[in-house]
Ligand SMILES: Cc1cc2nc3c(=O)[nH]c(=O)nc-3n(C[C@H](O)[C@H](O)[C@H](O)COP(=O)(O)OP(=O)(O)OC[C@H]3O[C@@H](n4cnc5c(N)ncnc54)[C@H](O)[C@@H]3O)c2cc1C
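One chain is shown next in structure tokens, namely the form predicted on its own.
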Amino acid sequence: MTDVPRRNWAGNVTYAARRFHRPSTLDELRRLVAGSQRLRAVGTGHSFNRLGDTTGDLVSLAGLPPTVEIDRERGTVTVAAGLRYGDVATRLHAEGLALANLASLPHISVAGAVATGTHGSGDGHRNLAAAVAALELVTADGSRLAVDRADARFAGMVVSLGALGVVTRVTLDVVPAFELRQYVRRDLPVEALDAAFGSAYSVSGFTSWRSSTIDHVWRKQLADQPPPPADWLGTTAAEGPVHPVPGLDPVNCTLQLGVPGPAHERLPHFRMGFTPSSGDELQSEYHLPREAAAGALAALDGMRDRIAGVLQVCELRTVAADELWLSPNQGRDSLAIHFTWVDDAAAVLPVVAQVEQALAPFGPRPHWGKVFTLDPSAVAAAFPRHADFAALLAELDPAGKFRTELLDRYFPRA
């Protein structure tokens, strides 16, 4: 069918599926799942590895009704899983509501971001999946399954890697609408990074690994707070709007220079309707215990020339702990180190392996939807509930309908 992506967003993965589908009703989806031997759902295609690939049927949920149902009494919204976060946030804002946190891209689908443990930034903010209050999915035999936080399995079913079924509806916690201002500061001393992270609602640091300071700090603060002082943490104010990747046009980015605006138009780094990030890139990301931040950054500093040679930009963020089994932030406050690499896998992959070796003493957990080469034993050791998820996978998908090569590598069949 038309309008089903054949490649991921970055273009580095061409899907191996034999058939592509875009069902328009839930019943059509259920019949499709029940009748397929191998199947995966694809959202907006922002994974950089083959997690979303299959040799069977690839299903887009973009044709299902784009429902958004607000429950003010419970403080939740239930949305069609294929909707993009930016679209959901815009609808909520019109009703005086908001999501407490968003990722850097508003273009990503709700189900895809949740399934991979994608996150925003902030000392007090958990990743996007932690805001999920309930899920509805179609399981391997075509049955409908609804789960919420009262279910003992729920913490294992939210960050699911798409391995437990096709998620069709997601219920998210919401908060009253609020406004933020965004300020960009230049040349933050590395020793001030921890203070910077705790200084505002959401904070990201960007470095090229070519200097001794953090190149830019993006502070997203509540609109009623005063702007940072002129000498804030030894930095200087950016003279005008900037893009995270040096040299790119900031027109794609959310408004800076302290202009107030709705949270959903400031929390992401990039604007809906514009090309997110640089477009031609690969990405990797690792989550370390927050207390290991200084040691981890020092370890990477020892290989800065190798990183800088294939890097577009590196983002540093903090994420609060949660209880979700496959979340990279499960049980620990984290520093997320995100690499946007050049679009050259042959040059990038050896550096990725060296980065992983440098971070190994700190127990890195990879972002499931990005490029990583960690040994399966290291990944299993880094996630305390790994075995519990493997058991849940065997329970809900015993025939391996939703399995992929990547899942077989990191969750081998018993």
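For every residue, the number given is its place in the sequence shown, counted from 1. A quick note: this is a predicted structure, and the numbers were derived from the prediction, not measured.
From this point on, the text means the form predicted together with the ligand, which you will not see here.
Not displayed here, the ligand is kept clear of P364 by more than 4.5 Å at the level of heavy atoms in the model of the complex.
Residue contact check for R385: none of its heavy atoms lie within 4.5 Å of the ligand in the model of the complex. The shortest heavy atom separation between R30 and the ligand in the model of the complex exceeds 4.5 Å. The ligand is not shown here, but in the model of the complex it comes within 4.5 Å of a heavy atom of S109. Think of it this way: in the model of the complex, the ligand has a heavy atom of just one of R332, R126, R317, R185 within 4.5 Å, and the residue is R317. Out of the listed residues N252, T139, N101, Q283, Q283 is the one that sits within 4.5 Å of the ligand in the model of the complex by at least one heavy atom. Here the chain stands by itself, but in the model of the complex one stretch of 351 to 359, 375 to 383, 33 to 41, 65 to 73, 33 to 41, has heavy atoms within 4.5 Å of the ligand.
Taken together, the three residues W9, L105 and T118 all come within 4.5 Å of the ligand in the model of the complex, as judged by their closest heavy atom. In sequence order, R40, A41, V42, G43, T44, G45, H46, S47, F48, L51, G52 are the residues of 33 to 55 having a heavy atom within 4.5 Å of the ligand in the model of the complex; the partner itself is omitted from this view.
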